[in-house]
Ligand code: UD1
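Coming up is one lone chain in C-alpha coordinates, specifically the form predicted alone.
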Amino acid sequence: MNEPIVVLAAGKGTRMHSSLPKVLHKVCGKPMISYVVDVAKTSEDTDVIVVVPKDNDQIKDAIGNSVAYCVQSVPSGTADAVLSARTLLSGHNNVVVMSGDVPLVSENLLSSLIEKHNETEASITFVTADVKNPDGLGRVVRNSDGMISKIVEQDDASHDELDITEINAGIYMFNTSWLWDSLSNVAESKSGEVYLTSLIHLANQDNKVMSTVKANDEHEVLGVNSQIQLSAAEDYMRQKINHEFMLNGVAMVDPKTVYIDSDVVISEGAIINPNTHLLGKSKIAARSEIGPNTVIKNGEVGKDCKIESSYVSDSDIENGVSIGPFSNIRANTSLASNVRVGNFVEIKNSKVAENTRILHHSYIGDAEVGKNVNIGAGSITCNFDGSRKSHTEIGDSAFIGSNTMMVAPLKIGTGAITGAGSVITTDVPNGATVMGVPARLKK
(Lines give C-alpha, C1' and ligand atoms only; values in the text may rest on other atoms or scores of the structure.)
Protein backbone atom coordinates (compact mmCIF):
# COMPACT_ATOMS: atom_id res chain seq x y z
CA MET A 1 0.00 0.00 0.00
CA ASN A 2 2.16 2.87 -1.25
CA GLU A 3 -0.36 5.13 -3.00
CA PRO A 4 -0.47 8.65 -1.51
CA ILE A 5 -3.41 9.18 0.84
CA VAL A 6 -5.17 12.47 1.53
CA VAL A 7 -7.14 12.70 4.78
CA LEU A 8 -9.77 15.45 4.84
CA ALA A 9 -9.94 17.19 8.23
CA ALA A 10 -10.93 20.78 7.47
CA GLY A 11 -14.71 20.46 7.80
CA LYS A 12 -16.55 22.61 10.32
CA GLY A 13 -18.59 19.79 11.81
CA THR A 14 -21.46 22.14 12.66
CA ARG A 15 -23.78 19.26 13.58
CA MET A 16 -21.49 18.34 16.45
CA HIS A 17 -22.40 21.67 18.13
CA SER A 18 -18.93 21.84 19.64
CA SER A 19 -16.00 24.27 19.56
CA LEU A 20 -13.65 21.29 19.24
CA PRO A 21 -12.82 20.34 15.63
CA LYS A 22 -14.98 17.38 14.66
CA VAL A 23 -12.11 15.02 13.87
CA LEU A 24 -10.62 15.55 17.35
CA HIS A 25 -13.64 14.17 19.19
CA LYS A 26 -12.46 10.99 20.85
CA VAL A 27 -13.50 7.39 20.34
CA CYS A 28 -12.24 5.15 23.15
CA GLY A 29 -9.73 7.73 24.27
CA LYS A 30 -8.23 8.61 20.88
CA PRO A 31 -9.18 11.35 18.37
CA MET A 32 -11.18 10.03 15.42
CA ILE A 33 -8.63 11.20 12.92
CA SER A 34 -5.85 9.24 14.65
CA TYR A 35 -7.57 5.97 13.72
CA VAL A 36 -7.79 7.05 10.08
CA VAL A 37 -4.15 8.16 9.98
CA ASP A 38 -3.02 4.89 11.60
CA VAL A 39 -4.76 2.91 8.85
CA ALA A 40 -3.34 5.20 6.16
CA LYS A 41 0.20 4.80 7.56
CA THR A 42 0.12 0.99 7.57
CA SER A 43 2.88 1.03 4.95
CA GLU A 44 5.97 3.08 5.74
CA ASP A 45 6.21 4.01 2.04
CA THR A 46 2.82 5.72 2.00
CA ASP A 47 2.76 9.51 1.83
CA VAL A 48 -0.07 10.80 4.01
CA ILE A 49 -1.34 14.35 3.59
CA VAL A 50 -3.84 15.84 6.04
CA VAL A 51 -5.95 18.80 4.92
CA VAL A 52 -6.56 21.12 7.89
CA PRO A 53 -8.48 24.38 8.30
CA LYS A 54 -6.79 27.75 8.52
CA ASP A 55 -5.45 28.89 11.92
CA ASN A 56 -6.10 25.62 13.67
CA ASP A 57 -3.05 23.88 15.10
CA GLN A 58 -5.05 21.53 17.32
CA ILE A 59 -5.18 18.85 14.64
CA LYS A 60 -1.45 19.10 13.97
CA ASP A 61 -0.73 18.82 17.69
CA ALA A 62 -2.90 15.68 17.91
CA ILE A 63 -1.35 13.87 14.93
CA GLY A 64 2.25 15.06 15.07
CA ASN A 65 4.90 15.34 12.38
CA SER A 66 4.61 11.90 10.80
CA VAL A 67 2.34 13.27 8.06
CA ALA A 68 2.39 16.24 5.69
CA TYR A 69 -0.14 19.06 5.99
CA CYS A 70 -1.87 21.44 3.65
CA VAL A 71 -4.35 24.17 4.51
CA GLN A 72 -7.82 24.71 3.09
CA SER A 73 -8.05 28.44 3.67
CA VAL A 74 -11.82 28.65 3.17
CA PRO A 75 -14.00 25.60 3.97
CA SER A 76 -15.59 25.27 0.52
CA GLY A 77 -16.28 21.53 0.39
CA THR A 78 -14.45 18.27 -0.12
CA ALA A 79 -13.53 18.91 -3.77
CA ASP A 80 -11.82 22.16 -2.84
CA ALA A 81 -10.05 20.40 0.05
CA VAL A 82 -8.50 17.83 -2.30
CA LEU A 83 -7.51 20.58 -4.73
CA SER A 84 -5.54 22.26 -1.94
CA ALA A 85 -3.27 19.18 -1.80
CA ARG A 86 -2.48 19.19 -5.53
CA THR A 87 1.05 20.55 -5.20
CA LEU A 88 1.99 17.86 -2.67
CA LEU A 89 0.61 15.17 -5.00
CA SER A 90 2.72 16.17 -7.98
CA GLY A 91 4.15 13.16 -9.82
CA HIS A 92 1.59 10.63 -8.56
CA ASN A 93 -0.78 8.88 -10.96
CA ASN A 94 -3.35 7.91 -8.33
CA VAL A 95 -4.46 9.19 -4.96
CA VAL A 96 -6.62 7.81 -2.15
CA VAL A 97 -8.92 10.25 -0.37
CA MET A 98 -10.35 9.49 3.07
CA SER A 99 -12.42 11.40 5.59
CA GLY A 100 -10.99 12.08 9.02
CA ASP A 101 -14.37 11.37 10.62
CA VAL A 102 -14.60 7.65 9.71
CA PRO A 103 -12.73 6.19 12.71
CA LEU A 104 -13.68 2.52 12.28
CA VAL A 105 -12.24 2.08 8.80
CA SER A 106 -10.06 -1.02 8.40
CA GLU A 107 -6.79 -1.70 6.64
CA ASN A 108 -8.46 -4.56 4.73
CA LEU A 109 -11.12 -2.27 3.29
CA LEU A 110 -8.51 0.26 2.19
CA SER A 111 -6.44 -2.48 0.56
CA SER A 112 -9.54 -3.76 -1.28
CA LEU A 113 -10.19 -0.27 -2.61
CA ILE A 114 -6.67 0.09 -3.98
CA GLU A 115 -6.68 -3.41 -5.47
CA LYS A 116 -10.03 -2.86 -7.21
CA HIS A 117 -8.94 0.51 -8.59
CA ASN A 118 -5.77 -0.90 -10.06
CA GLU A 119 -7.52 -3.97 -11.50
CA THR A 120 -10.20 -1.95 -13.29
CA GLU A 121 -7.94 0.99 -14.23
CA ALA A 122 -10.83 3.21 -13.17
CA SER A 123 -10.95 6.97 -13.06
CA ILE A 124 -12.85 6.72 -9.77
CA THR A 125 -13.20 3.88 -7.30
CA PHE A 126 -15.07 4.44 -4.05
CA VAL A 127 -16.51 2.59 -1.06
CA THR A 128 -20.24 2.17 -0.44
CA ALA A 129 -22.22 0.45 2.30
CA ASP A 130 -25.79 -0.51 3.09
CA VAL A 131 -26.78 1.07 6.42
CA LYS A 132 -29.84 1.00 8.63
CA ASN A 133 -29.78 4.73 9.36
CA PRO A 134 -28.28 6.92 6.59
CA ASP A 135 -29.05 10.20 8.35
CA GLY A 136 -26.46 12.85 7.52
CA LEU A 137 -24.70 10.72 4.88
CA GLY A 138 -24.45 11.00 1.09
CA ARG A 139 -26.80 8.63 -0.74
CA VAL A 140 -25.69 6.50 -3.70
CA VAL A 141 -28.20 6.95 -6.54
CA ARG A 142 -28.36 4.13 -9.11
CA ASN A 143 -30.26 3.93 -12.42
CA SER A 144 -32.66 1.16 -13.44
CA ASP A 145 -29.71 -1.00 -14.54
CA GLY A 146 -28.11 -0.73 -11.13
CA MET A 147 -25.32 1.52 -12.37
CA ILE A 148 -24.31 4.45 -10.21
CA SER A 149 -25.48 7.76 -11.64
CA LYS A 150 -24.59 10.14 -8.82
CA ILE A 151 -24.08 10.66 -5.11
CA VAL A 152 -26.30 13.21 -3.43
CA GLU A 153 -25.60 14.85 -0.08
CA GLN A 154 -28.41 14.93 2.46
CA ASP A 155 -28.92 18.70 2.17
CA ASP A 156 -29.39 18.39 -1.59
CA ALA A 157 -31.38 15.13 -1.68
CA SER A 158 -35.01 14.88 -2.78
CA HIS A 159 -37.61 13.15 -0.63
CA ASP A 160 -37.22 9.88 -2.55
CA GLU A 161 -33.43 10.06 -2.43
CA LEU A 162 -33.53 10.42 1.35
CA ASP A 163 -35.08 6.94 1.53
CA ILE A 164 -31.99 5.36 -0.07
CA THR A 165 -29.96 3.28 2.41
CA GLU A 166 -26.82 2.73 0.30
CA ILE A 167 -24.40 5.44 1.31
CA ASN A 168 -21.11 6.84 0.16
CA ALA A 169 -18.43 6.06 2.74
CA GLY A 170 -16.27 9.04 1.77
CA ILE A 171 -13.34 6.82 0.80
CA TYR A 172 -12.16 7.25 -2.81
CA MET A 173 -9.33 6.50 -5.18
CA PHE A 174 -8.82 8.74 -8.21
CA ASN A 175 -6.71 8.79 -11.33
CA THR A 176 -5.01 12.13 -10.78
CA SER A 177 -4.76 13.30 -14.40
CA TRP A 178 -8.54 12.98 -14.77
CA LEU A 179 -9.12 14.32 -11.25
CA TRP A 180 -7.31 17.63 -11.74
CA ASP A 181 -8.97 18.22 -15.12
CA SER A 182 -12.42 17.50 -13.67
CA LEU A 183 -12.30 19.39 -10.39
CA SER A 184 -12.50 22.74 -12.20
CA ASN A 185 -15.82 21.60 -13.70
CA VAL A 186 -17.50 20.73 -10.40
CA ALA A 187 -20.58 22.86 -9.88
CA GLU A 188 -21.45 24.45 -6.55
CA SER A 189 -24.13 22.81 -4.43
CA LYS A 190 -27.08 24.62 -2.87
CA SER A 191 -24.87 25.38 0.12
CA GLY A 192 -22.22 27.01 -2.08
CA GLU A 193 -19.71 24.20 -1.57
CA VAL A 194 -18.11 21.89 -4.13
CA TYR A 195 -18.26 18.18 -3.36
CA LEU A 196 -16.13 15.25 -4.51
CA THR A 197 -19.37 13.38 -5.00
CA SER A 198 -20.14 15.57 -8.02
CA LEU A 199 -17.29 13.83 -9.82
CA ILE A 200 -19.48 10.73 -10.12
CA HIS A 201 -21.84 12.61 -12.43
CA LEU A 202 -18.91 14.01 -14.44
CA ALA A 203 -17.39 10.54 -14.84
CA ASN A 204 -20.69 9.28 -16.22
CA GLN A 205 -20.81 12.16 -18.69
CA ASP A 206 -17.24 11.45 -19.80
CA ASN A 207 -17.92 7.68 -20.07
CA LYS A 208 -15.05 7.01 -17.67
CA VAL A 209 -14.55 3.69 -15.94
CA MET A 210 -15.96 3.82 -12.42
CA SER A 211 -15.89 1.01 -9.85
CA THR A 212 -17.02 0.49 -6.28
CA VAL A 213 -16.15 -1.62 -3.26
CA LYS A 214 -18.89 -2.42 -0.75
CA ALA A 215 -18.00 -2.64 2.92
CA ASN A 216 -19.02 -5.88 4.62
CA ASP A 217 -19.89 -4.10 7.87
CA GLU A 218 -21.62 -0.74 7.95
CA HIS A 219 -19.84 0.17 11.17
CA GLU A 220 -16.40 0.37 9.57
CA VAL A 221 -17.59 3.16 7.28
CA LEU A 222 -19.64 4.97 9.92
CA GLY A 223 -19.21 8.69 9.34
CA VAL A 224 -19.44 10.73 12.51
CA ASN A 225 -21.38 13.95 11.98
CA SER A 226 -23.20 14.30 15.29
CA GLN A 227 -22.86 13.47 18.95
CA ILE A 228 -25.29 10.60 18.42
CA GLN A 229 -23.11 9.06 15.71
CA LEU A 230 -20.02 9.64 17.87
CA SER A 231 -21.69 7.64 20.64
CA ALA A 232 -22.48 4.84 18.18
CA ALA A 233 -18.84 4.70 17.04
CA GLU A 234 -17.67 4.64 20.65
CA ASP A 235 -20.07 1.81 21.50
CA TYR A 236 -18.97 -0.32 18.56
CA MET A 237 -15.26 0.27 19.18
CA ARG A 238 -15.64 -0.52 22.88
CA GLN A 239 -17.35 -3.84 22.12
CA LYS A 240 -14.60 -4.69 19.64
CA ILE A 241 -11.84 -3.90 22.15
CA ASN A 242 -13.46 -5.92 24.93
CA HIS A 243 -14.11 -8.85 22.59
CA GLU A 244 -10.46 -8.99 21.51
CA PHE A 245 -9.22 -8.91 25.11
CA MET A 246 -11.55 -11.73 26.13
CA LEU A 247 -10.39 -13.81 23.17
CA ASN A 248 -6.86 -13.35 24.51
CA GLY A 249 -7.63 -14.59 28.02
CA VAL A 250 -8.82 -11.50 29.90
CA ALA A 251 -11.88 -12.27 32.05
CA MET A 252 -14.78 -9.80 32.13
CA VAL A 253 -17.78 -10.54 34.30
CA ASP A 254 -19.97 -8.01 32.47
CA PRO A 255 -18.21 -6.55 29.39
CA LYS A 256 -21.13 -4.21 28.70
CA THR A 257 -20.07 -2.15 31.72
CA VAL A 258 -16.32 -2.21 31.06
CA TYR A 259 -14.76 0.80 29.29
CA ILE A 260 -11.27 0.32 27.83
CA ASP A 261 -9.40 2.86 25.70
CA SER A 262 -7.72 1.79 22.49
CA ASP A 263 -4.14 2.13 23.78
CA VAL A 264 -4.64 0.07 26.95
CA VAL A 265 -2.64 -3.17 27.35
CA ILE A 266 -4.01 -6.05 29.47
CA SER A 267 -2.19 -9.36 29.97
CA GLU A 268 -3.72 -12.81 29.87
CA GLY A 269 -5.26 -13.90 33.16
CA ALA A 270 -6.31 -10.46 34.36
CA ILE A 271 -9.86 -10.02 35.67
CA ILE A 272 -11.83 -6.87 34.89
CA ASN A 273 -14.93 -6.48 37.03
CA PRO A 274 -18.08 -4.43 36.24
CA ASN A 275 -18.10 -0.65 35.97
CA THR A 276 -14.36 -0.42 35.44
CA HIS A 277 -12.71 2.24 33.26
CA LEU A 278 -9.18 1.62 31.92
CA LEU A 279 -8.12 4.82 30.21
CA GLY A 280 -5.23 6.38 28.32
CA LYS A 281 -2.13 4.19 28.09
CA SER A 282 -2.80 2.04 31.14
CA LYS A 283 -1.20 -1.41 31.47
CA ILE A 284 -2.57 -4.28 33.54
CA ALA A 285 -0.35 -7.31 34.16
CA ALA A 286 -1.32 -10.96 34.54
CA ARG A 287 -3.63 -12.17 37.33
CA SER A 288 -4.47 -8.70 38.59
CA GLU A 289 -8.10 -8.06 39.45
CA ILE A 290 -9.45 -4.60 38.72
CA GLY A 291 -12.79 -3.33 39.98
CA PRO A 292 -15.63 -3.21 40.41
CA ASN A 293 -16.18 0.56 40.27
CA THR A 294 -12.57 1.44 39.50
CA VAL A 295 -10.89 3.97 37.22
CA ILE A 296 -7.27 3.61 36.10
CA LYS A 297 -5.92 6.36 33.85
CA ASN A 298 -2.38 6.10 32.48
CA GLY A 299 -1.53 3.74 35.30
CA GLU A 300 0.75 0.70 35.16
CA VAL A 301 -0.36 -2.18 37.37
CA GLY A 302 1.87 -5.18 38.08
CA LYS A 303 0.98 -8.84 38.57
CA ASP A 304 -1.35 -10.20 41.25
CA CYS A 305 -2.74 -6.83 42.28
CA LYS A 306 -6.24 -6.12 43.58
CA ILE A 307 -7.75 -2.67 43.05
CA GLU A 308 -11.34 -2.20 44.16
CA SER A 309 -13.65 0.84 43.95
CA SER A 310 -10.69 3.21 43.63
CA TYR A 311 -9.02 5.73 41.29
CA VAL A 312 -5.45 5.42 40.02
CA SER A 313 -3.94 8.12 37.79
CA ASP A 314 -0.48 8.39 36.19
CA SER A 315 1.09 6.05 38.74
CA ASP A 316 3.08 2.81 38.89
CA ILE A 317 1.72 -0.06 40.95
CA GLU A 318 4.11 -3.00 41.40
CA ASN A 319 3.31 -6.69 41.96
CA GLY A 320 1.01 -7.87 44.73
CA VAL A 321 -0.37 -4.47 45.73
CA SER A 322 -3.90 -4.10 47.07
CA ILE A 323 -5.81 -0.82 46.93
CA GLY A 324 -9.22 0.14 48.22
CA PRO A 325 -12.04 0.30 48.47
CA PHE A 326 -12.52 4.03 48.01
CA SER A 327 -8.92 5.24 47.68
CA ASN A 328 -7.32 7.76 45.32
CA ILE A 329 -3.81 7.19 43.97
CA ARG A 330 -2.86 10.42 42.24
CA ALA A 331 -0.20 11.41 39.72
CA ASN A 332 3.48 10.52 40.12
CA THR A 333 2.94 7.91 42.79
CA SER A 334 4.86 4.64 42.96
CA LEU A 335 3.70 1.75 45.15
CA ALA A 336 6.28 -1.02 45.52
CA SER A 337 5.47 -4.72 45.77
CA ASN A 338 3.04 -5.94 48.43
CA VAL A 339 2.03 -2.48 49.60
CA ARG A 340 -1.44 -2.42 51.14
CA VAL A 341 -3.59 0.69 50.74
CA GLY A 342 -6.92 0.43 52.47
CA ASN A 343 -10.10 2.46 52.43
CA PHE A 344 -10.34 6.24 52.03
CA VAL A 345 -6.62 6.78 51.49
CA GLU A 346 -5.20 9.45 49.19
CA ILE A 347 -1.60 9.28 47.97
CA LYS A 348 -0.08 11.90 45.70
CA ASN A 349 3.41 12.40 44.21
CA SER A 350 4.92 9.86 46.59
CA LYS A 351 7.04 6.72 46.67
CA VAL A 352 6.00 3.92 49.00
CA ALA A 353 8.42 1.02 49.47
CA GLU A 354 7.53 -2.68 49.72
CA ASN A 355 5.37 -4.21 52.44
CA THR A 356 4.21 -0.88 53.81
CA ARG A 357 0.61 -0.54 55.05
CA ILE A 358 -1.57 2.58 54.82
CA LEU A 359 -4.94 1.16 55.70
CA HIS A 360 -7.43 3.81 56.79
CA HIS A 361 -8.39 7.45 56.19
CA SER A 362 -4.90 8.85 55.52
CA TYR A 363 -3.30 11.39 53.20
CA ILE A 364 0.28 10.95 51.98
CA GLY A 365 1.52 13.72 49.69
CA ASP A 366 5.00 14.66 48.39
CA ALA A 367 6.54 11.92 50.49
CA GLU A 368 8.97 9.01 50.41
CA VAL A 369 7.92 6.16 52.65
CA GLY A 370 10.29 3.28 53.45
CA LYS A 371 9.59 -0.44 53.54
CA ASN A 372 7.68 -2.25 56.31
CA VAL A 373 6.16 1.00 57.55
CA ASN A 374 2.77 1.08 59.29
CA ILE A 375 0.82 4.31 58.93
CA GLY A 376 -2.10 4.45 61.33
CA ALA A 377 -5.61 5.64 60.59
CA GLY A 378 -6.10 9.36 60.08
CA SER A 379 -2.41 10.19 59.57
CA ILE A 380 -1.54 13.10 57.30
CA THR A 381 1.58 14.58 55.73
CA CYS A 382 0.98 18.31 56.03
CA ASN A 383 2.81 19.15 52.82
CA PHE A 384 1.36 22.55 51.89
CA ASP A 385 1.89 25.71 53.93
CA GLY A 386 -0.19 27.96 51.72
CA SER A 387 2.57 28.92 49.30
CA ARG A 388 4.80 25.89 48.69
CA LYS A 389 4.83 22.10 48.85
CA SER A 390 7.37 20.40 51.12
CA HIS A 391 8.72 16.86 51.33
CA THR A 392 8.29 14.21 54.02
CA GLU A 393 10.59 11.21 54.43
CA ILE A 394 9.64 8.22 56.56
CA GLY A 395 12.32 5.60 57.20
CA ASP A 396 12.05 1.80 57.03
CA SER A 397 10.03 0.02 59.74
CA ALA A 398 8.70 3.24 61.22
CA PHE A 399 5.38 3.11 63.10
CA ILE A 400 3.15 6.13 62.58
CA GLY A 401 0.43 6.24 65.23
CA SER A 402 -3.17 7.05 64.38
CA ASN A 403 -4.00 10.69 63.68
CA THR A 404 -0.36 11.73 63.43
CA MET A 405 0.14 15.10 61.72
CA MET A 406 3.55 15.23 59.99
CA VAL A 407 4.34 18.88 59.23
CA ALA A 408 6.72 19.02 56.26
CA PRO A 409 9.57 19.46 55.56
CA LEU A 410 10.23 16.53 57.83
CA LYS A 411 12.30 13.37 58.23
CA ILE A 412 11.20 10.48 60.42
CA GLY A 413 14.02 8.02 60.99
CA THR A 414 14.27 4.26 60.58
CA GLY A 415 12.33 2.38 63.24
CA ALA A 416 10.91 5.57 64.76
CA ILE A 417 7.52 5.61 66.52
CA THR A 418 4.99 8.44 66.74
CA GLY A 419 2.29 8.43 69.37
CA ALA A 420 -1.38 8.61 68.46
CA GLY A 421 -2.56 12.18 67.90
CA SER A 422 0.95 13.63 67.72
CA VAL A 423 1.89 16.70 65.72
CA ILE A 424 5.42 16.23 64.38
CA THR A 425 7.18 19.50 63.56
CA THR A 426 10.85 18.51 63.80
CA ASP A 427 12.89 15.58 62.50
CA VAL A 428 12.66 12.33 64.46
CA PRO A 429 15.92 10.35 64.97
CA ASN A 430 16.26 6.68 64.10
CA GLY A 431 14.62 4.43 66.67
CA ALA A 432 13.16 7.32 68.64
CA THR A 433 9.62 7.56 70.04
CA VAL A 434 7.87 10.94 69.96
CA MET A 435 4.42 12.00 71.15
CA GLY A 436 2.38 15.04 72.03
CA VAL A 437 1.41 18.41 70.54
CA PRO A 438 3.94 19.44 69.47
CA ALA A 439 5.64 16.06 69.68
CA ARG A 440 8.55 15.61 72.06
CA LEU A 441 11.06 12.82 72.45
CA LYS A 442 10.08 10.11 74.93
CA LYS A 443 13.07 9.40 77.17
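Don't overthink the numbering: it's just position in the shown sequence, from 1. Predicted model only: the values in this text are computed from it and were never measured.
What comes next is about the form predicted in complex with the ligand, which is not displayed.
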- [ ] Report the stretch among 305-313, 174-182, 367-375, 95-103 that approaches the ligand in the predicted complex to within 4.5 Å, counting heavy atoms only.
- [x] 95-103
Open item on the list: Can you tell me whether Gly291 touches the ligand? I mean in the predicted complex, with a 4.5 angstroms heavy atom cut-off.
Closed with: no
Open item on the list: Taking any heavy atom pair closer than or equal to 4.5 Å as contact, tell me whether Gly11 reaches the ligand in the predicted complex.
Closed with: yes
Open item on the list: Please determine whether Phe245 contacts the ligand in the predicted complex, using a 4.5 Å cut-off between heavy atoms.
Closed with: no
Open item on the list: How about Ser76 - does it come within 4.5 Å of the ligand in the predicted complex, if we only consider non-hydrogen atoms?
Closed with: yes
Open item on the list: Quick check on this chain: which one of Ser282, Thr333, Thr197, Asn273 has a heavy atom within 4.5 Å of the ligand in the predicted complex?
Closed with: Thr197
- [ ] Please pick, from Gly320, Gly170, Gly299, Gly324, the one residue with any non-hydrogen atom lying within 4.5 angstroms of the ligand in the predicted complex.
- [x] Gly170
Task: Complete contact of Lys22, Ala81 and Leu137 with the ligand in the predicted complex (any heavy atom, 4.5 Å) - done: yes
Open item on the list: Using a 4.5 Å heavy atom cutoff, which residues in 216-237 contact the ligand in the predicted complex? It's fine if the answer is none.
Closed with: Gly223, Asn225
